[in-house]
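A lone chain, given as structure tokens: the form predicted alone.
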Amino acid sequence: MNALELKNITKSFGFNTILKNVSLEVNLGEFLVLVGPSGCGKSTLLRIISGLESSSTGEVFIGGKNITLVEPQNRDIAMVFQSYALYPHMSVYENMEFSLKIRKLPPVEIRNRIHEIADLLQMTPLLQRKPKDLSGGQRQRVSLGRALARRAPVILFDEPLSNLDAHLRQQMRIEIKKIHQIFKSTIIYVTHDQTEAMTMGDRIAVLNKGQIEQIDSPFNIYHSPKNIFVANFIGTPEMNLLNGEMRNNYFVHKDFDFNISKDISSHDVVLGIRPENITLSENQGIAGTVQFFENLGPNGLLHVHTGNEVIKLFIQGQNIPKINDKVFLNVDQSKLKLFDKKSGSLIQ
């Protein structure tokens, strides 16, 4: 049985359709990440799951039970918000205690749950403080601890780390993954940050304009994108996408052409290649001029101008070409992807 199932969810505000016939199954104990650009509908989908928003059409099931018309407080779902949503007049302990008291749990069980989570999140010294006395990272820990204390079968995260600095985001990503491994909760996590999606999710659902473009493991999403949108959205930096045409096993571009050992009929295509799958060559390959170099510490990102395109590739070492140097690029053909230019779909 799935922990959560969405069937044909559509959401419209007047003539503006936000979600278009979205269906999704989430396995018991799975960490699923919903990722996509701003306005793609991921937070709206999360609010429909929680009951804070109603769908125009479609159904929501939890544990096989249809909860589409069930009020939010009766869905047994915990939620961690971007804005923390803590009661300012209550202490950390009281914030964590509040929802448990509403559910009329025995005082001893409430106390045990709170101290268990506080120890796990290293919040025990903070239990008597008010939210105003906490840092952003500490407030997010309280918000997370409150959700975990509920022990709800499904926990929803709505961009919970977006207000934190880069170092704290990295720490909290690790904390949340550790907690998931301990409690085995079913988690649905919304973010626009692809790094969070790739490092945290068991599976990733990539949304675009209210539809799921692809849902798969982080590995498959990165290495086998189903279309141009996923290829361009997932990856830092994004995949190099080059417009061209297939002619008798040759990929023909405005600036260059080379043989591709793939039997593909002649038509307009987009060639995709990740920066890590391109290397510098001595005197053969795609000719270009170094335009820019980004120093990333252990390696760097070289921007090479070929005439009409800028191709990015990773390089290591100290022998870095200088700006305006002439270089040649070698593409690993086993790693390239070809997409149909008209439909955007991957050509198998």
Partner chain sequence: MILFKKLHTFVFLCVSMIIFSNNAMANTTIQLWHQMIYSHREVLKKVVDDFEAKHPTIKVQVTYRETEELRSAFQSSSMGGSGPELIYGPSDQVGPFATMNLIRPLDNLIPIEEQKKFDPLALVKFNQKTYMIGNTVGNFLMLIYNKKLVPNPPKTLEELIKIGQSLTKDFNGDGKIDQFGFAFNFTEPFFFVPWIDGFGDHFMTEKNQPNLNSKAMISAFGLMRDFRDKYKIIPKECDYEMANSLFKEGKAGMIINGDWSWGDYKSAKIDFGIARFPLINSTNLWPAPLVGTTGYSVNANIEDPLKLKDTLELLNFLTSKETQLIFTKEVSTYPSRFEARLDPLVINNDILKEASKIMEVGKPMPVVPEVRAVWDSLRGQYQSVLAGSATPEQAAQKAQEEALKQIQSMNEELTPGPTLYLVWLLFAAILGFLLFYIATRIKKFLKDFKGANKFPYLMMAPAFISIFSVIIYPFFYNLALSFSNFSLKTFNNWTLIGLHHYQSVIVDPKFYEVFLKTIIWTISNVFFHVSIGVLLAVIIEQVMPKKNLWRTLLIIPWAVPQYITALTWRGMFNQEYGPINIFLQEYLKLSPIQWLSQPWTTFSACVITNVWLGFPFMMIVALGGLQSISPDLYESAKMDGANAWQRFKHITWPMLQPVIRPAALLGAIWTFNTLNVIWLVSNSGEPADQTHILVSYVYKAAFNLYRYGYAAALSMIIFIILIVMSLVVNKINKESKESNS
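Positions refer to the first chain, counted from 1. A quick note: this is a predicted structure, and the numbers were derived from the prediction, not measured.
Not pictured, yet referred to below: the form predicted in complex with the partner chain.
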Answer with yes or no whether K209 is in contact with the partner chain in the predicted complex, where contact means some heavy atom within 4.5 Å.
-> no
Contact test in the predicted complex: F219 vs the partner chain, heavy atoms, 4.5 Å = no
Wondering, does K130 line up within 4.5 Å of the partner chain in the predicted complex on heavy atoms?
-> yes
Contact of N243 with the partner chain in the predicted complex (heavy atom, 4.5 Å) = no
Residue (of S83, S224, Q171, N249) lying close to the partner chain in the predicted complex, criterion heavy atoms within 4.5 Å = S83
Taking 4.5 Å between heavy atoms as the contact cutoff, choose which of R274, H253, H180, R150 touches the partner chain in the predicted complex.
-> R150
Sort through 60 to 68, 275 to 283, 45 to 53, 304 to 312 and report the only stretch with a non-hydrogen atom within 4.5 Å of the partner chain in the predicted complex.
-> 45 to 53
Contacts with the partner chain in the predicted complex, stretch 320 to 344 (heavy atom within 4.5 Å) | none
